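Okay, here we've got a single chain as structure tokens, the form predicted alone, with questions on binding and movement later.
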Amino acid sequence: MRRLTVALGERAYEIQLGQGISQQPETWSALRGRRLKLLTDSQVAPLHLPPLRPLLGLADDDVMVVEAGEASKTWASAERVLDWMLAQKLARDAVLLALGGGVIGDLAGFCAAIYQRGIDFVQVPTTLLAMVDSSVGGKTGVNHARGKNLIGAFHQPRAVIADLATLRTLPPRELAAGAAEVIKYGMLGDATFFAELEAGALEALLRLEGDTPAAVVARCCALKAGIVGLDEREAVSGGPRALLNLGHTFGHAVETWTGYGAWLHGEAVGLGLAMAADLSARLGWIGADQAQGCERLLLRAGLPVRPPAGMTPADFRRLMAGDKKVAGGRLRLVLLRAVGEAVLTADFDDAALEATLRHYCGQP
């Protein structure tokens, strides 16, 4: 087992990761004596819930299963989860376990944040994307028709328990979606890591080969933990945590335009990373060859690098205008000064942005 700490003072917590750790009683020792409830989805439940039931002493009414997919990350779903929690008469010393991918982690965390003004929850991620990104950092929330993650709260988990054995149950598309967030970390803050991915670590990760998954997950978690420790709540003025949104403003526009679900979150982020690199090159901040190298790596992961058919530059602009990083009426984007060095900025040429949008939307 590998252990990392997210250093947040009294809100500090440990990330545990390793093969089969969810089946080891000592993994759950800190929760002994606590009243536990578990939220999961219809795809994860048959795969990973059965061995946890006896280990954690979970009865049928201790578990709620929602439909799998981004369509469950809504205010209506949150209301159903809260109704279940209230019906169980949970006290504030209860703990909600989030067993699943990013949707379950965000939904469970949001409900834990607002139930009786906040109860503890534990992230038990079962996807690559959730392990390297969404389970760490305390961002929780649900989507709205007007935009991705527009309703939410910061609520740090009490622990993250990442059992790498669950990755073997993922279809290739889900692994590829997680790889987008992995590539993001190299692009925004670790050029050496990016070079390692280019040199073959990406394919080793997608094959779940040897110690590569553990090493990659640990590296991404360490990078995110360091940033979150510096800037827990993503300061409006543009603190370092905002850099974790590299590719997300473009990607969230795609997710909103498609109605949440047609594209996986990681697929949309992958496209957003390509677009951010392209715009950075058009601004002269990185070389065209570097932008092309980013796109090639995304393609090697099996990710789409063009938006859905029919989406236009005007669609991107309209949806990006509602992004949470808009400040003072100005769109701010996370772009690259170099591969491995990102910056949040509103100081970009709008003509260059238009050129990137037109290029990716297939318009002259």
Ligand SMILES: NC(=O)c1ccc[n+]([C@@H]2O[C@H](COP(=O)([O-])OP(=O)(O)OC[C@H]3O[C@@H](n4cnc5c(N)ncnc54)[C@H](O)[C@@H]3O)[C@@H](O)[C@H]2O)c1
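Predicted model only: the values in this text are computed from it and were never measured. Don't overthink the numbering: it's just position in the shown sequence, from 1. Whichever C-alpha set is largest while still superposing within 1.5 Å between the two forms counts as the rigid core.
Keep in mind the form predicted together with this ligand is missing from the figure; the text below concerns it.
Screening 156, 166, 249, 256 for any heavy atom within 4.5 Å of this ligand in the model of the complex leaves a single hit, 166.
Think of it this way: in the model of the complex, this ligand has a heavy atom of just one of 102, 109, 272, 186 within 4.5 Å, and the residue is 102. At a distance threshold of 4.5 angstroms between non-hydrogen atoms, residue 149 is in contact with this ligand in the model of the complex. In the model of the complex, this ligand sits within 4.5 Å of a heavy atom belonging to residue 69. Contact check for residue 134: a non-hydrogen atom falls within 4.5 Å of this ligand in the model of the complex.
Proximity of residue 43 to this ligand in the model of the complex falls within the 4.5 Å heavy atom cutoff. The candidate stretches are 123-131, 84-92, 109-117, 205-213, and the one lying within 4.5 Å of this ligand in the model of the complex by heavy atoms is 123-131. Of the residues in 166-188, those that come within 4.5 Å of this ligand in the model of the complex through at least one heavy atom are, in sequence order, 166, 169, 170, 171, 174.
Once the rigid core is overlaid between the shown form and the other one, residue 73 does not reach a Cα shift of 2 Å, moving by less than that. Core-superposed comparison between the shown form and the other one: the C-alpha position of residue 252 differs by no less than 2 Å.
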